[in-house]
Structure formats: structure tokens, C-alpha cells
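In C-alpha cells, one chain follows: the form predicted alone.
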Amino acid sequence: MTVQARRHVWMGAIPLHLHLHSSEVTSLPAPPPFLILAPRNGYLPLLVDAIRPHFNSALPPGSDTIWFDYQGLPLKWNIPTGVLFDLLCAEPERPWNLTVHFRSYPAGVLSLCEDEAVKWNFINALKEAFYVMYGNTKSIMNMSQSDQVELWHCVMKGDLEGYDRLAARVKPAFGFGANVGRGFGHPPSVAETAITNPVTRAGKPGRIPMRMYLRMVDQDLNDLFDVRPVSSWDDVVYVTCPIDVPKRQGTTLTLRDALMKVVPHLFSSSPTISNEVTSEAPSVMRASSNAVHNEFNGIVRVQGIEPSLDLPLDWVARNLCGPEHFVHLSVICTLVAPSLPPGAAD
């Protein structure tokens, strides 16, 4: 694993061009747009202290919770900003033009974001990732309250060094982001022997926590400038997909392999899926075939890049995961994506 890669991920930011919604403008002239860099691994509500003073004098009386929309779609505050950008901007735009609101919170679309909701969303995601990797959440549950607060402050400030110092005190260490001198793809030492899934020996994760977001578009993937925007979150399928780490020494699982396990219907001909593999994927995404051709019919983005699908998945997990240890894959495809049961994506 390269320390430089993680540092670049933690430093990643998206330039935002924020306009106050016209219904909330009570002064003339209207306030000018506000430009700000939003950390990729951060969450939009965390920008409120920087944004509110710029628009405060133009707001109508009253108070409400800040929220954002992109082309009319309210943006989910519990999804990292970089993931929202990769998924919703089929053809990336810089700066990203968003509308900011301080009134009329769309509670029917977005869950409420009150008090420390963003912090606890992060902590709960970290617990979920640890359960996927180790089969339990003891490491996080045993952290002191002060360490949890300090960890959250490191995430908010983009302090990778401080984050790693805290992570080093947790046993087992923080999964794919810890032990930075050595990559999962390197041959293991004697102490790093066979892995049992999901609980591991030598403190090594047995599964990789991955979240996949699928969006269908109605035109050629090579020409996405005029693609129809997402008008509802019902048009996006997103699901948590734990991926087993190979038990056999020397076996390399690629990003392509992971996609074939979870979304085989997005390949030109669905590859053969074993019973073990099929059990990992959500039932709505299972498929099997005797075909061997595996050209992927989609675009995959993670941390703002479109990686080669032949990258080892362990390298992706170590270098491109978020601070909560999930690998967030945004997939744009031309095929009909399967639907989740109502409420499954909430």
C-alpha cells in the first residue's frame, strides 16, 4: 500500500458553486453565489458554519436545517459528498453547481439531520464496516468516548496522521487503512496465515465492506453530456455488498471479480457464478450463466477516478476506502438496474 495514495484520497475535494434558492431570497440584490471546497470524504451539512454567514442576511425569518439539491434532487446528507458527485454528475462538472436551502426541509425525502446526526451516521457506518470485516464491533465499542470524538474530529479536519494514530491503538487495527507499510496483495508472513471468514486470524479482515450505487442512463456511455438527471432516489439502487477475501495464499481478487459476484447482469454475458459467490450477493442481484465473456457494460467510479477493473480489490480497499472503511463504488450503466424492496435503501 502506498501512503501517498491514502493521502491523496484524504486531501480530495470538490469545488462547489452554491446558489441560495430563489424562494428564500428576501433582499435586493440577491446574495452572490458562494464558492467552497468540499472534502470528498466529508458530508454536506458539515459545511454549514462556512456557508450560513454568507447567506444569512438574505434569509427570511425563522430557522430550519440546511439542505442541498442538484437539479431539483434533494441530496442525501448521509452519503459522502464525493460519492454524490461521482454518482449524480454523469459528466463531471467543476465547480459543482448546487442549490442551498435553509427552509422547507424535505422530510418526506431526506431523513432528519439534527444535532450530531452526521457524527453518529459515521460511527454507525464504522461499526457496520468492522462487523463485515471481523464479525463483531468490539474494537469500536471498546473505544473511549473521547477517542471516538477525537476520531470524528480527525475525519472532519481531514487529519490522516491523527486518524492513523488513533487507529493504531485499536485492536484489531483499523482494517484496510492500518499497517500502512504493507499491502494486502503482498505475500503474507508466517503470522498472517489462512483467513477464516468472517472472523480472521492474526487480526486480518475476512471480508471487504463495499457499498455500491447503481444508476441507469438512457444513452451511450461515451456521450453523457446531455444525460437525463436523476429526478428521484427511487431511480438509484444502493446496497451494502460484503466481499469475501480469498482464503488461499497467493489468490488475487480483482475489482472485476467483485463486480461479477454482485452485478453479473451488467456484463455482456453473465459469467458463471459458483454457489459460494452467489450467496454473497443480494438476492435481487443474483444471476448465473455458463458464459465466460465478461465485458462490463458500465462506468465504475471510486474516489473520483475510473479505475481499471483489473486492479486487486485489496489494493482498492486499502487505498480508496473512506474513513469509515467502506469502498464506495458508483456505477453508471445503460441496463435496467434491479429494484430493492421498499425502504431497503433507507
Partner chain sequence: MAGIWDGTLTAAEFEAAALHLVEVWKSQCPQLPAWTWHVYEPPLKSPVLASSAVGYLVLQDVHILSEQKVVAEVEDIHEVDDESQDIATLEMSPGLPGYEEHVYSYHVIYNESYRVPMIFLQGHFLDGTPLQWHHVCHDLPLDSQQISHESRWTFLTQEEHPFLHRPWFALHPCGTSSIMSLVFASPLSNAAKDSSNDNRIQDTRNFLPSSDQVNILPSPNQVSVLQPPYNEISALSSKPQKSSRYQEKHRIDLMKQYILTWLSFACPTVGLTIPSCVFKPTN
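Just so you know, these numbers come straight off a predicted model, no measurement behind them. Residue numbers count along the first chain shown, from 1.
There is also a form predicted in complex with the partner chain; it is not shown, and the following applies to it.
A.B. asks: Can Glu114 be called a contact residue for the partner chain in the predicted complex at 4.5 Å between heavy atoms?
C.D. replies: Although the partner chain is absent here, Glu114 would touch it in the predicted complex, with heavy atoms inside 4.5 Å.
A.B. asks: Would you classify Asp244 as touching the partner chain in the predicted complex, given a 4.5 Å non-hydrogen atom cut-off?
C.D. replies: Yes.
A.B. asks: With heavy atoms only and a cut-off of 4.5 Å, decide whether Val109 touches the partner chain in the predicted complex.
C.D. replies: Judged by the heavy-atom cut-off of 4.5 Å, Val109 is in contact with the partner chain in the predicted complex.
A.B. asks: Determine whether any heavy atom of Leu166 comes within 4.5 Å of a heavy atom of the partner chain in the predicted complex, and answer yes or no.
C.D. replies: Heavy-atom contact with the partner chain at 4.5 Å: absent for Leu166.
A.B. asks: Could you tell me which of 94-102, 207-215, 154-162, 248-256 sits within 4.5 Å of the partner chain in the predicted complex, going by non-hydrogen atoms?
C.D. replies: Flagged stretch: 207-215.
A.B. asks: Given the partner chain in the predicted complex, answer whether the residues Asn78, Val132 and Val237 all have a heavy atom inside 4.5 Å of it.
C.D. replies: Each of the three qualifies.
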